[in-house]
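Only one chain is included here, represented as structure tokens and corresponding to the form predicted on its own.
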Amino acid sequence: MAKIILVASGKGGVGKSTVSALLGEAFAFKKSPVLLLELDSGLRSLDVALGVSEHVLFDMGDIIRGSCETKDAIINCPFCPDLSLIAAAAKPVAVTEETIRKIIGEFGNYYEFIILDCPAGIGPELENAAKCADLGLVVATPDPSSIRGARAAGNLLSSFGVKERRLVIERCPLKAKKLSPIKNLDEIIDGSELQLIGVIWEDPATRDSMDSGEPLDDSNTNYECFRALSERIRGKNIPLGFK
């Protein structure tokens, strides 16, 4: 049965969908089948990141309304055959726990990982996803409001029984002096009250990859960061080293 990984953030615009997409790629390029479930109704973006926008015939909204079978809404990534997506509904619609469990029940044996890309904040979709998740990844940037939001998201995940919760720091500057007003990464870890599992560096090429629907180049600084993150999730002991 698939391991269910929830990706959340207390604050919007911190790179949560980037983590979902590129973590999915990191798993899939190692021949681990991955299904991305995009839960951010009305604000989908993973179809762009995977280069499948023109192929979205059905989405999460159609599954909820009963307009299609779940399998009809699954789209395969053209540059990564082991990575698939169910895109978020084009218009706002409630994604219930029942819907998430239905998809997991139907396809949990076909994928090694199912990644739940949740809306930002701590609303009902996050609660519903938390009830289904094995691991919660909370994404934060070196920003006081983002750190506070990460702590709130982590606390909510805890209250709904997600025992394994980890912090991913996104858009981290390569030079420590640019962290200001944050003094160091420990301040982010302590403020979020979460154990760190990965750091993703600030990098325009990483954002370009998401916007262009092309894979992250293996020469990119963050390519190795996502590979290491995926291996830590598998349980491998890969040290967290920082520049």
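Residues carry their position along the shown sequence, with the first being 1. Quantities reported herein were computed from a predicted structural model and do not represent experimental measurements.
Only in words, not in the display: the form predicted together with a small molecule, which the text now covers.
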As a check of understanding, the residue in A130, A73, I100, A120 with any heavy atom within 4.5 Å of the small molecule in the model of the complex should be identified as A120
In the model of the complex, which of 146-154, 164-172, 107-115, 82-90 comes within 4.5 Å of the small molecule (heavy atoms)? 164-172
Does the trio G13, K16 and M210 actually contact the small molecule in the model of the complex, every residue with a heavy atom within 4.5 Å? yes
May I ask you to state whether T206 is within 4.5 Å of the small molecule in the model of the complex, using heavy atom distances? yes
Against the small molecule in the model of the complex, would D47 count as a contact residue? Criterion: heavy atoms within 4.5 Å. no
is_contact(A26, the small molecule) in the model of the complex, heavy atom dist at most 4.5 Å: no
Any chance E214 has a heavy atom within 4.5 Å of the small molecule in the model of the complex? no
